[in-house]
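A lone chain, given as structure tokens: the form predicted on its own.
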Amino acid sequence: MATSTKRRVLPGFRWTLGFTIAYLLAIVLIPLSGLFVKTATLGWDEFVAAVASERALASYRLTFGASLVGALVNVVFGSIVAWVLVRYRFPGKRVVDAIVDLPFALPTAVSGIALTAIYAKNGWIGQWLEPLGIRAAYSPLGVALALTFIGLPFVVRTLQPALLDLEPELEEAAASLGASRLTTVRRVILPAVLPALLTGFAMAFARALGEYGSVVFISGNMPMKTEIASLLIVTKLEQYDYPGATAIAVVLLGASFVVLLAINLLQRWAGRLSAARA
């Protein structure tokens, strides 16, 4: 009796696993471990002084605060954008759908220059905000605007597949049972898309933590006021304070790891939720 063997497209498990580990070591783990090696040249007191100085703490507050604000704004308005793109047909829909990806495609420096030109006191929008006493460019508000701009695609693109999987019949059934629109959103739509929404929020927040190019133009880079943590790292590198720069980088790296862990837990939760509903 002839035996049949399955033909594999890729080499065996050992080869592919070995290549995967080697690639991750060369591209990700070894460069990141260099941060910890360089930071280890500092004593504990020097490390604490570098990462907990008044200037560093001010940059953390602005970076984490503006990133949180930007991610929360995108959760609200990104959800509306995703809902419109999924649920409605209208002229120019493909153009609007492509515009959502612009922050992905644009170089961050271009984004920063464009935002600064628009929100400066003589810009298209800034000239109307200035008489109201609202200063957008060269202020923490400008930082939040830039981080909102670069984080929008993460929320929209993460939420769209969840909305596509949500059957409109569920909303119709809720309406036929007398549920209001608010109740339908709260009891039917939100529980179904909540894992994707939280994942989009976490991804937008993590992306904003490491943003530099789009923020450096619109922030004004004033120490203790509009200086983000990434800019402080560059400043220390320009001053040849490499251990101090890597120490602050380690803090941001640790925060990114926490956010990525949260993303993985949310994705696992979403998978279990989908399996339970199936």
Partner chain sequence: MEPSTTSRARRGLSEPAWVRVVLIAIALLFLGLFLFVPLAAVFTEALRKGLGAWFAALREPAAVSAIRLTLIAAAISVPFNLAFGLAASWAIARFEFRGKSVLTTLVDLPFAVSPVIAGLVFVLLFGLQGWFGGWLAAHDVKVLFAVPGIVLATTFVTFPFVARELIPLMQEQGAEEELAALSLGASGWQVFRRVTLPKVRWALFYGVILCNARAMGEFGAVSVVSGHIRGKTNTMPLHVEILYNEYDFVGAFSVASLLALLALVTIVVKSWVEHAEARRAGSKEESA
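Just so we're on the same page, rigid core means the largest C-alpha set that superposes within 1.5 Å between forms. Positions refer to the first chain, counted from 1. As the structure is a prediction and not an experimental result, all values here were calculated from the model.
Omitted here: the form predicted together with its partner chain. The next part is about that form.
Only one of Leu198, Val81, Ala192, Leu129 comes within 4.5 Å of its partner chain in the predicted bound form through a heavy atom, and that residue is Val81. The contact with its partner chain in the predicted bound form, taken as any heavy atom within 4.5 Å, belongs to Thr246 out of Ser219, Thr246, Ser67, Ser59. The candidate spot formed by Gly34, Val96 and Ser230 lies fully in contact with its partner chain in the predicted bound form, as each residue has a heavy atom within 4.5 Å of it. Using a 4.5 angstroms threshold between heavy atoms, Asp165 stays clear of its partner chain in the predicted bound form.
Taking non-hydrogen atoms only, Leu24 approaches its partner chain to within 4.5 angstroms in the predicted bound form.
The closest non-hydrogen atom of Pro103 lies within 4.5 Å of its partner chain in the predicted bound form. Heavy atoms of Thr108 reach within 4.5 Å of its partner chain in the predicted bound form, making it an interface residue. Superposition on the rigid core between this form and the one not shown places the CA atom of Tyr23 2 Å or more away from its counterpart.
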